[in-house]
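Next up: just one chain, as structure tokens, the form predicted alone.
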Amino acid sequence: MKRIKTAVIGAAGYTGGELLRLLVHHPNVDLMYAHSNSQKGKKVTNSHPDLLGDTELVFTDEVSTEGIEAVFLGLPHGQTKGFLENHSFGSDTVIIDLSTDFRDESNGFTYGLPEINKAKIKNAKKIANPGCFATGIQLALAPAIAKGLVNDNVHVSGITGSTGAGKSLSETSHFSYRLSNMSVYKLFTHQHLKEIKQTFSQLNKDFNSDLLFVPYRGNFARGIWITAYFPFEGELEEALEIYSEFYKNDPFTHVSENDIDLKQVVNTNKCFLHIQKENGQLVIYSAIDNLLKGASGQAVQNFNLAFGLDEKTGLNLKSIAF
């Protein structure tokens, strides 16, 4: 079995840690090093103690490009461009960036939402991993956009766990703020709207409706719940058929006829969708784990596609369920 020489840059944070958890058990990965400027010289298990017994890696601040076949970039937003200007990987190295820097598909990057761009990802050397809210919203609405069902404003609300804010502490991610609390931020202006609209315009060149997105900070650690709705004159059965057909070849995105809940997808790379029609509105619920399908799990899914592997390799994870 071929093992692909792989590195993780920015491996000390939440998404970097999730990447390490997936990659140390991936049957086709030879994890060469984990990079971190802040944790250099320390054991990986100091930052990610749950990996005790799984890896003996030590963080390094040195970047080796020789022989690396795949590199995951978990750097803070805005730092990836500068990093790639200073470090030149081989032309055959697959680069998967988890920041916002190249989601506009600049500099030769392909937008890495497998349910939409699978064919392009399979031939890509540079992949821009989607944002977490962007993933949940796009999977909720893509079939309706592609089919031309949306001709009016789309109302979207989404709530994310505290890990969505990253590992560095801020006032709104402290336990004392989050506990028994909820708040709105970036009303109608969230940064993920740009990439969402880019995808929807590609799916349907006539799409020009507004996405009225209300993001909430939730009082839980991980997961994203999306509720989206828009006027719809058709029957629920028609919408269900459209959604089921759209995702029939996607192993991680599933349309449920029953009510869904967040714990069904936490700790997995799945997206669960549930559709209802009420008061002339088509209502879609979408649930993902923000750190997996919304970040590191999707990055590994893109890695699998780029190297011709089954896209579920290393991602057969169980939910916490209850």
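We number the residues from 1 along the sequence you see. Just so you know, these numbers come straight off a predicted model, no measurement behind them.
Unshown form predicted in complex with a further copy of the same chain; subsequent notes refer to it.
Engineer: Just one of 82 to 90, 69 to 77, 134 to 142, 223 to 231 has heavy atoms within 4.5 Å of a further copy of the same chain in the predicted complex; which?
Structural biologist: Only one stretch qualifies here: 223 to 231.
Engineer: According to a 4.5 angstroms non-hydrogen atom cut-off, is residue 212 in contact with a further copy of the same chain in the predicted complex?
Structural biologist: Yes.
Engineer: Does at least one non-hydrogen atom of residue 182 fall within 4.5 angstroms of a further copy of the same chain in the predicted complex?
Structural biologist: Output for residue 182 is yes: heavy atoms within 4.5 Å of a further copy of the same chain.
Engineer: Taking a further copy of the same chain as it sits in the predicted complex, is residue 178 in contact with it (heavy atom to heavy atom, 4.5 Å or less)?
Structural biologist: Contact with a further copy of the same chain, yes.
Engineer: Using heavy atoms and a 4.5 Å limit, would one call residue 159 a contact residue for a further copy of the same chain in the predicted complex?
Structural biologist: Yes - in the predicted complex, heavy atoms of residue 159 and a further copy of the same chain come within 4.5 Å of each other.
Engineer: Just one of 118, 125, 155, 147 has a heavy atom within 4.5 angstroms of a further copy of the same chain in the predicted complex, so which one?
Structural biologist: Checked against the cut-off, the match is 155.
Engineer: Pick from 60, 267, 64, 28: which has a non-hydrogen atom within 4.5 Å of a further copy of the same chain in the predicted complex?
Structural biologist: Only one option qualifies, and that one is 267.
Engineer: Enumerate the residues of 285 to 322 that have a non-hydrogen atom within 4.5 Å of a further copy of the same chain in the predicted complex, in sequence order, or give none.
Structural biologist: In sequence order, 285, 291, 292, 312, 316, 317, 318, 319, 320, 321, 322 come within 4.5 Å of the partner.
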